[in-house]
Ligand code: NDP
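The chain that follows stands alone, in the form predicted alone, written as structure tokens.
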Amino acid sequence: MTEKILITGITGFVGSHLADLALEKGAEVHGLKRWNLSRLRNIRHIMDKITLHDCDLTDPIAIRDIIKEVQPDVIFHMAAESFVSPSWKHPSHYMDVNYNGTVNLLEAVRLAGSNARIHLPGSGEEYGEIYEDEIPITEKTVLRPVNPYAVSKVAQDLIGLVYNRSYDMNVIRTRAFNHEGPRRDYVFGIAWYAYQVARIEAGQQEPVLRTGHTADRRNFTHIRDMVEAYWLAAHQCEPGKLYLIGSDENDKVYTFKEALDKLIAMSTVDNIQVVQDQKYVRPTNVPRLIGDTSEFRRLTNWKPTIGFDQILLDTLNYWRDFVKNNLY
């Protein structure tokens, strides 16, 4: 029997890659999009292979109707406000989308009497203020979120736990560390650097690359590796239990400055200058997010296969194509 998959946020960075993977697995793929706001460029290549449904998750009636109509076997809840910087100016909106939207989804599944497995993807950003002696982060590390986005993701995760405990719903909880690659919006660090390099190469920007704070250290995973992990999580992980996902390998741990230097070295333009611009500097930083994902790896045998340089090159080539073909 063909597995029926529902992906919220299917037009986004992670959602679109998950749709690609689900199709490769032979699944029937349904996705939610906002009728007037979703950007379809990320799924243009698979539009004839998936079924799209207009739905805003902040509307509880809309999501209830769709859950009843689709009756999915697995739900990947990828819809979110995920860019950290605007969350200081729009904290209520982030909570509306990331927390209330999740409540609406969980309630829709509960009221439908569905036994669907629901993957709720959390973020390493939830850990916030992590001290050097707390590295690597584990499932038991204390949460000290330092921005409204992170708070909204903590709330999303914990309400998922509540629905698992209260109603025995199949909620799969993960927290993923940084994942990058093609289709990542250029408001995010590495994509922002790659986008500017592509514009400089195309003569659309002076050879000055503007950044925010670049000293923060992360472990980086390619988006294709990450969606493979999400697929395994949804199908193999124990509901209610928390799992950390990411690249533990030392050769995938870098500061954003090191990533930036590598991207500049990949450029066809010499002597690109880097300038820190205050408008890109956040009120608070998260200096280090390095996780211990051994529990997830033991259960699923997952391991990232794509190296850091390839992550950067794939991202840069995506933005080169974007700029060259004027895909704005």
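Keep in mind that what you see is a predicted model, and the values were worked out from it rather than measured. In case it trips you up, residue 1 is the first one in the sequence shown, and so on.
Although it is not shown, the form predicted in complex with this ligand is what the next lines describe.
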query	finding
is_contact(Tyr149, this ligand) in the predicted complex, heavy atom dist at most 4.5 Å	yes
Distance check, Pro304 to this ligand in the predicted complex, heavy atom within 4.5 Å	no
In the predicted complex, Cys55 touching this ligand (heavy atom, 4.5 Å)	yes
Any non-hydrogen atom of Pro72 within 4.5 angstroms of this ligand in the predicted complex	no
Candidate site Arg34, Val97 and Pro121: all three near this ligand in the predicted complex by heavy atom within 4.5 Å	yes
Options 252-260, 157-165, 132-140, 72-80; stretch whose heavy atom lies within 4.5 Å of this ligand in the predicted complex	72-80
This ligand: the contacting residue among Arg39, Lys68, Arg282, His45 in the predicted complex [heavy atom, 4.5 Å]	Arg39
Sequence-ordered list of residues in 1-31 near this ligand in the predicted complex, where near means a heavy atom within 4.5 Å	Gly9, Ile10, Thr11, Gly12, Phe13, Val14, Gly15
